[in-house]
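As structure tokens, one chain now follows by itself in the form predicted on its own.
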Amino acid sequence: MFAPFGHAPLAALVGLGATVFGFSFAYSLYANAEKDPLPEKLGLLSRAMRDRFYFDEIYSGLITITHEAVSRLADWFDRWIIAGLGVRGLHGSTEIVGRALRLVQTGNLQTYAFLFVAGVVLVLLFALK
């Protein structure tokens, strides 16, 4: 509890002084008051303080705008990139390759030998260039 006085005595004393000043100022302002004297003395600043400097309204407006923008961006990214290109794109390309390979698989040994030789020729052509 007394460690701040040993570590930074000036800061601790200034903090205590501000506390004592605040309590004495509040006592002098409210000691004999029948109603709140701040609205008469501060005017519009008193209303802004009562309405919390409109922080909640500003915060709500900003969060609503940014939340909607981020959620729409996330929805677009999920629909078109993840589901569209990722899932449906992979599914479509796999299906097309599967259909193409089905045409090649005839069950005929001579066709398989021909495709094997054609593949070896292509590999040799690319390797020798």
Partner chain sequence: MNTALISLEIAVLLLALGVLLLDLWLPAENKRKLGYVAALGALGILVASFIWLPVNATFNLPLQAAGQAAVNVPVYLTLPTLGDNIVLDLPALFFKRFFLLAAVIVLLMSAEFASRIQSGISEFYSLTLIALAGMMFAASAKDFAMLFVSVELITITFYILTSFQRNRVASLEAGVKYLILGGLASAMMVYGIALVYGTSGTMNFTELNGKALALADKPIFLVGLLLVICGLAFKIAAFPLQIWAPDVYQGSPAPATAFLAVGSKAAGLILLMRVLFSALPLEFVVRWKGLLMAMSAITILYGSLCAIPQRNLKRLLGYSSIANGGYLLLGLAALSESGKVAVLYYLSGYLFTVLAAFTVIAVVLRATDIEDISGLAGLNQRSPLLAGAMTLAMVSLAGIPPLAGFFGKFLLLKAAIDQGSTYYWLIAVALVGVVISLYYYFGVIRAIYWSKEPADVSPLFVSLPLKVSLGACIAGMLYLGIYPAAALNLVTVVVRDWK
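Positions refer to the first chain, counted from 1. Just so we're clear, the structure is a prediction, and the values are computed from it rather than from any experiment.
The following text describes the form predicted in complex with the partner chain, which does not appear among the structures shown.
Contact check for A33: every heavy atom lies farther than 4.5 Å from the partner chain in the predicted bound form. S28 falls outside the set of residues with a heavy atom inside 4.5 Å of the partner chain in the predicted bound form. The partner chain is not drawn, but in the predicted bound form it has no heavy atom within 4.5 Å of A18. Within this chain, S24 is remote from the site of the partner chain in the predicted bound form, having no heavy atom within 4.5 Å. In the predicted bound form, no residue of the candidate spot (L38, L42 and I58) has a heavy atom lying within 4.5 Å of the partner chain. With contact defined as any non-hydrogen atom lying within 4.5 angstroms of the partner chain in the predicted bound form, the contacting residues in 93-112 are T94, E95, V97, G98, R99, L101, R102, V104, Q105, G107, L109, Y112, given in sequence order.
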